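Consider the single chain below, provided in structure tokens and representing the form predicted alone.
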């Protein structure tokens, strides 16, 4: 049975396992509060709609969403997301990091840092052109991108400057180093995508 929970990326640090420094990412997993319980009869699938993220001012919530929060007796949050069903979960109940299996690996899904419009050196790690020896124009450009004879056009999927980042990325099979239920934090070995403060989905099968 798959499990999932949402948290917020805090940043990176390190902990020591004896004399070995282990790089870890700190994820704050505040209790995910259940706003709606979806079942096969009514919705065609079973899931939990949960409120996650920092608290949100009531004046910034539309009337429809405010009604959902009020029905479940849950304070407005920044995000509404869905997670797999948990036995015994009902409106207003809280899903904590206790659902995670510390001995199993975890898949982390998040939106990567947005870097705006980027050139080929930053976006695709191109080497660039000579900085000297008569190269006085484009040092960071892509160079030739096609031929005027055959095919007489630029091939599709050519690596070109463009929007970079702000994409959904999943990193699989990361190790959970520690789960602290009192402080609502999970330590995951290595780095995970997204900026500090970004929403993170932790899932296990």
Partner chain sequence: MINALIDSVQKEHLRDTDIGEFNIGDSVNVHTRIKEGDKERIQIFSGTVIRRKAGHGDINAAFTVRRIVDGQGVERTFPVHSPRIEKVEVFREGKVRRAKLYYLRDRVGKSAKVKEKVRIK
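This one's a predicted model, so the numbers in the text were calculated from it and none came from an experiment. Positions refer to the first chain, counted from 1.
Unshown form predicted together with the partner chain; subsequent notes refer to it.
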Report whether the minimum heavy atom distance between residue 13 and the partner chain in the predicted complex is within 4.5 Å. yes
Residue contact check: residue 28 to the partner chain in the predicted complex, 4.5 Å heavy atom: yes
Would residue 178 show up as a contact with the partner chain in the predicted complex if we use heavy atoms at 4.5 Å? yes
